[in-house]
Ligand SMILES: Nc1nc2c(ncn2[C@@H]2O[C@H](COP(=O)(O)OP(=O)(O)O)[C@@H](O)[C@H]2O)c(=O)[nH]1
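Heads up, the chain below is alone and in the form predicted on its own; it's given as structure tokens.
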């Protein structure tokens, strides 16, 4: 994971190390290296605003320091750790917190093909160990979407509330909430139709769905392989509002820059990383762990 981004950061460290014996680090010494780092980060799908923030932090941290050759790499890594950690937002809640609502409603939204339904099933698998979980098939448009969620429900031994294809997704989720109240469920996980962030009508429909059902937590599911476009998708969804992000397919994302940019540019925390197709392939996001991975 993040192999190319790791390589970019290592190249930066090596180049600075080559230019320093033991003296004060001046801005002109870093200019070429910072320029190369900027190019590398942008090629790895790190957004320009995030690149600028990292460069600024590195200048503030390094310029004026006197270091010896043997300590250059350590200084670079420590500075990068601080800068990257500053970019990454720490989640202030856990999805388990919303089971206390009895029932809490968690809504999954995102672009077509981002992995919403599979992510919902993974989180259901995580929650069912200690909670009574109900699934809502709010995606009534995509062919086989209801069947896919029912298959997950059967695999996980969880009930699915559904209507016919073409029906109102907001009504499905409303019925699921009412059923959950009557039957003592702890949480409802609701699927929604995938929609392009550029489709105004579909985005307005999603906005209506949220107004009707007042979800306790709205999760945006994004595909790491979408590159820089994933940031543009997320920005459009901020107009509707969401509380957290799940990034899927990070196990096959060799760049990793979009993940680095998402939380900083949206102001929303990354909650989980999808690392495969199995129900266990869902990793709780830890900013400190991610920084260590990037710089290991």
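Positions refer to the first chain, counted from 1. All values derive from a computational prediction rather than experimental measurement.
Another form, the form predicted in complex with the named molecule, is not on view; read the next lines as being about it.
For the residues 155, 78, 130, 112, the 4.5 Å heavy atom test against the named molecule in the predicted complex is passed only by 112. Only one of 218, 177, 122, 162 comes within 4.5 Å of the named molecule in the predicted complex through a heavy atom, and that residue is 122.
Using a 4.5 Å cut-off to the named molecule in the predicted complex, each of 118, 248 and 252 places a heavy atom inside that distance. Partner contact region in the predicted complex: 267-275, out of 47-55, 230-238, 267-275, 33-41, criterion any non-hydrogen atom within 4.5 Å of the named molecule. Contact annotation: residue 148 falls within 4.5 Å of the named molecule in the predicted complex, judged by heavy atom distances.
For residue 142, a non-hydrogen atom is located within 4.5 Å of the named molecule in the predicted complex, even though that partner is not displayed.
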